[in-house]
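First, one chain by itself in structure tokens, the form predicted alone.
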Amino acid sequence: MGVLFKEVEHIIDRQYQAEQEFLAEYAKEKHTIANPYVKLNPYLIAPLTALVMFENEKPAFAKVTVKGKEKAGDMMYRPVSDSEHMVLPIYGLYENYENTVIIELSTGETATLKIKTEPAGEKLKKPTSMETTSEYFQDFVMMVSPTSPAYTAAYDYAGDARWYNTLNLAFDIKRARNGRLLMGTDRLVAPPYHTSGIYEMGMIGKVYREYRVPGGYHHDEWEMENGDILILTQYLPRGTVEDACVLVDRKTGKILKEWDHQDVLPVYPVGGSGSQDSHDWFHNNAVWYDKKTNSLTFSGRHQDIIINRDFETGKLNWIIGDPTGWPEDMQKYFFKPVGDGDFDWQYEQHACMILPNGDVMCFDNGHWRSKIKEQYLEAKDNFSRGVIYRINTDDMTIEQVWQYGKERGAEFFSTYICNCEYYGEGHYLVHSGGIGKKDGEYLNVPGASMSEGIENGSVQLSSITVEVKDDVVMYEMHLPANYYRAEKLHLYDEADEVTFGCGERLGSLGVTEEFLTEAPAEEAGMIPDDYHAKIAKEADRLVFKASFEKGTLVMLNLEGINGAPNRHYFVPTTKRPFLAMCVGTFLDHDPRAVEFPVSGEGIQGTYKITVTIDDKKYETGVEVTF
């Protein structure tokens, strides 16, 4: 049978081809409001979107209404500019439904369209509970990004999905100033979930840009005022993860500035939470820029700390967290609790932010809820919460001024992921997205890592998303899956215009480290089928997948043809025990599965691919050209 080989088109290239096809189809005949062109899911990955296009005799303004299942579910928008050439994006369709869309022009002309959508399938999860009112939630949707098998999706006040995306998109969702979404890509560069970078994607589903980072992306990103983007990353060759941040130029994708947390913090085992190891000593899961202080705030889950660093110099300013066990020379950075009210330190927290008045908010997962192993709490006795701290950097004191979730105990407890959002004083979102049970008992480990239990039903995952206004719960949604973050937004944003043309791949995947010599091995013919070897050639890299027993010596060889130099890459087969499986959607169910990408940067020519396994070298029958 040999090796399964395929050329894999990048989503940007696939979408450009699809765009060229529907534009050519549109051009075949004249379309007016009486005969509009309708393209459902034009960019292939957002099935509840459509494009409506037609020509007017003179410029006109449009009003578009997607009719709800009841009047409160109507979604309406008005494009900001008048035009003779109408390109109207349609968002907010229902799945498996004949949707009604009404278009009204300022000329008085109208059209009523019927758009039938397909069933979404089981990965579009339906809320098990939704408690709010349409008067409160209005035409907002709650968008959630999954960490267990599910789609990134957006739900209205009634719990109906009005948008979803079929790509395996990971981690944070942020709306950029141009109206588009910033989200992690679906291209894995290192296990268990580090991806190539972030996509800038319109709500129509079109990927306008991919920002690639040599160390890969994880967890969070932040758009600066000038458009440049902070991206959480790592330096993979040194053997640690999730301990760096880079500033990326919005126009070119080039790295402008870097912050390495090893420059300011002691590493393993200092400050360790119950989930720390030497590989993932800090586990940076959030970044926040504060203009008032020109500083960056980071959340380090595996040291139970929130840190603040100077944007320009990188200097460490302060640390929020339990100082127990930290060295004497680091104690000056920690705050001392004051006040007569309730106070708890945060543990293995997520989603730190600086509020307009300087307070610090985060989601306190509370995992283990102690720095002392003998005092660790079981999940059934624990709690998670949103919390706000007031800090005084002059006298280094801290006071807890608000919390939500502690009173709900274990039912609201998430060992991992989650976020908070600030809408205004007293108005907050608290998203407990990592709730899990196994055989009825609350889990003290991330449920996303338990794929076998999810499949056989012994593990039940859920999330609870709450909005609180003046200490009254105004919104609560329960979903039967784990979701990294929740973000309330409008599907329509006047800045998010649909533009035609091919998207861009910016930045770099870096150069994959080579092994300088080829391991001695006996020629052994074609690689056996038992290894389940697969090779994919993408636009900017090669991806090798196979199954090997732990500790097998494996080398991927690119043997140059017509003068191209030979290249050898060591393929790790010793699996690490990931203690913080924040996203489980990239996991392979085969425990022997290995995935190894080779960046195409710096490689030119045609190569024959062979694989050395222990003391034998096997042919794959695959040739690739870079």
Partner chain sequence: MLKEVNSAEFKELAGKGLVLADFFSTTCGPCKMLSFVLKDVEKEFGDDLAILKVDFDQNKELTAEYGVSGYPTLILLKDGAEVGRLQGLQQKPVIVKLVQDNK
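Positions refer to the first chain, counted from 1. The model shown is predicted, which means the values in this text are computed figures rather than measured ones.
There is another form of the same protein, the form predicted together with the partner chain; it is not shown, and what comes next is about it.
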TODO: Work out which of 292, 373, 550, 114 lies within 4.5 Å of the partner chain in the predicted bound form, going by heavy atoms.
DONE: 550
Open item on the list: So the partner chain isn't shown here. In the predicted bound form, which residue out of 457, 520, 440, 501 has a non-hydrogen atom within 4.5 Å of it?
Closed with: 520
Open item on the list: Tell me which stretch of 339-347, 552-560, 415-423, 466-474 has a heavy atom within 4.5 angstroms of the partner chain in the predicted bound form.
Closed with: 552-560
- [ ] Classify residue 513 as contacting or not contacting the partner chain in the predicted bound form by the rule of any non-hydrogen atom within 4.5 angstroms, answering yes or no.
- [x] yes
Open item on the list: I'd like to know if residue 614 sits close to the partner chain in the predicted bound form, meaning any non-hydrogen atom pair within 4.5 angstroms.
Closed with: yes
Task: Any non-hydrogen atom of residue 570 within 4.5 angstroms of the partner chain in the predicted bound form - done: yes
